[in-house]
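Okay, here we've got a single chain as structure tokens, the form predicted on its own, with questions on binding and movement later.
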């Protein structure tokens, strides 16, 4: 993967960036996403934020090698601290981190959000607590999708702040739009997840440790939700 050929995952993220956006890509790694979008003429300006030194330098190099120093600003900063008011950011992407990490980045940087930005999020797990944060902060989920790449299931969650939204526990777990659409990729993911949860439950049962009771109850609830969802899909 490079700025010329994005991974399928990043291509799906790129598709959710509005045309003409001013993008902030937080945790930009090599800066491939903003550089690719700029090369395509899809965005007008970008900030690539990265905390770790090595990927920060890699992003600088990618931007410089493509002659985009005047259009893409690379900043070494923690999370949304990479944003400055004069950037006039209209879209923020956070990709390839755990959902809890993305949630914490958004929460600690709330003061830098004006509420007009589109959030394009690609968590590696932890989708439920991320959706919980979005709901609690008046964001509506406007797009969701599941894709499988290199034997991993990924979800993309796109949200915009437009007033109070309430999602049920099941919607927070599965994703409200994913649960409604129930695409083949979504169903295949949860069939695999059900088998994983059942194996985990079996292992915990054999361990017979009192400390695992709370965890077993949580997994049992997940197994129940997944089974009911898959069964209802087959009946419909």
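Residue numbers count along the first chain shown, from 1. Please read all numbers here as calculations on a predicted model, not as lab measurements.
The form predicted in complex with a small molecule is left out here; the points below concern that form.
A.B. asks: Please run the contact check for residue 134 against the small molecule in the predicted bound form: heavy atoms, 4.5 angstroms, yes or no?
C.D. replies: No, residue 134 sits far enough from the small molecule in the predicted bound form that none of its heavy atoms falls within 4.5 Å.
A.B. asks: With the cut-off set at 4.5 Å between non-hydrogen atoms, does residue 14 touch the small molecule in the predicted bound form?
C.D. replies: Heavy-atom contact with the small molecule at 4.5 Å: absent for residue 14.
A.B. asks: Within a 4.5 Å heavy atom cut-off, is residue 88 in contact with the small molecule in the predicted bound form?
C.D. replies: The answer is no: residue 88 has no heavy atom within 4.5 Å of the small molecule.
A.B. asks: Contact with the small molecule in the predicted bound form for residue 99, defined as at least one heavy atom pair within 4.5 Å: yes or no?
C.D. replies: Although the small molecule is absent here, residue 99 would stay clear of it in the predicted bound form, with no heavy atoms inside 4.5 Å.
A.B. asks: Which residue, 46, 59, 37, 26, is the contact with the small molecule in the predicted bound form, using a 4.5 Å heavy atom cutoff?
C.D. replies: None of the others qualify; the residue that does is 26.
A.B. asks: Is it the case that 10, 51 and 79 all touch the small molecule in the predicted bound form, with a non-hydrogen atom of each within 4.5 angstroms?
C.D. replies: Judged in the predicted bound form, 10, 51 and 79 all sit within 4.5 Å of the small molecule.
A.B. asks: Quick one: which of 109 to 117, 138 to 146, 160 to 168, 70 to 78 gets within 4.5 Å of the small molecule in the predicted bound form, going by heavy atoms?
C.D. replies: Careful reading of the contacts points to 70 to 78.
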